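One chain follows as structure tokens, the form predicted on its own.
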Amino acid sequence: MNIGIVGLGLIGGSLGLDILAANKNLYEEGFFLDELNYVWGLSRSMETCRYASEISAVNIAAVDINDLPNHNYIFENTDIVVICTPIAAILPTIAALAPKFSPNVIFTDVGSVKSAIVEPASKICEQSGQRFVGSHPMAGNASQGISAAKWNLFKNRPCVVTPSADSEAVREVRSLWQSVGMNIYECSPEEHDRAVAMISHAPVMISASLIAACQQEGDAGVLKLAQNLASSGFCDTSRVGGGNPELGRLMAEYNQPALLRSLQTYQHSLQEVISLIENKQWAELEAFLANTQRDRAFYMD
């Protein structure tokens, strides 16, 4: 299979590593060289392109697709193009690339928002005979860039694939993510966005707000003491709030309705806790915490 990866950061680089690492197993199983996976990549940075090639995340990479060796061959023979750019760049990237490829090439993405992407991306692809299936691999860490790419990043992690009338395209995209060890869940863009707002996007805003609230302590001595005493509990709770600011903004911008819904639900729950504490309803507070202790298990691996 010939695969293009546009955006060679943590996700794109890790995907390339796993795809090309699979070639060794395929070769040992008796596949011929021309039957093995081939990965080309694009990045805004030539240094990233060189590093991605050095670590075998790609076979070849370039800043501009027309600079790839044998790019006309690539236009004719690519099977899937995976867009691993920030959310705001997904649609412009597809619009720029799709007309270059032969019909029936499948485009997919890794964006954490689907409602704002799937329908317009599908329309862009249809104009030049391409196909689009939305996907969202739920994997990653606090690190960024190609230097953070790692093998088995996706193993046993969930991946959402959005439905399409083109069942063959859906099957190919599912197969791609399954090949790197992911567990596939198929749901509509709207369902996806509501779910990730609860377990991914709202926690970023809540965690960031916790950090901001701590920083509002007016007594400099107390603030410094809190910073010195902060340990694993605060580290765990604040981790996602200390992540990539651009990514956080794009989550809010492109998933605003679902995110607001989740934050308003959280606000109501937090107010309930405040009321219990204000009114010294200690038994009720303990019951509330017992429920959350029990329910946390539903969200764990």
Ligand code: NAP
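From 1 onward, residues are counted along the sequence shown. Because the structure is predicted, anything quoted here is derived from the model rather than measured.
Below: the form predicted in complex with this ligand, not depicted.
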Heavy atoms within 4.5 Å of this ligand in the predicted bound form: which stretch in 43-51, 229-237, 64-72, 259-267 meets that?
43-51
Contacting member of 128, 141, 175, 183, with respect to this ligand in the predicted bound form [4.5 Å, heavy atom]
141
Please check if residue 87 has a heavy atom lying within 4.5 Å of any heavy atom of this ligand in the predicted bound form.
yes
Would you please decide whether residue 159 lies within 4.5 angstroms of this ligand in the predicted bound form, comparing each non-hydrogen atom pair?
no
Is there a heavy atom of residue 112 no more than 4.5 Å from a heavy atom of this ligand in the predicted bound form?
yes
Non-hydrogen atom contact residue 56 with this ligand in the predicted bound form at 4.5 angstroms
no
Sequence order please: the residues of 229-259 with a heavy atom within 4.5 Å of this ligand in the predicted bound form.
244, 247
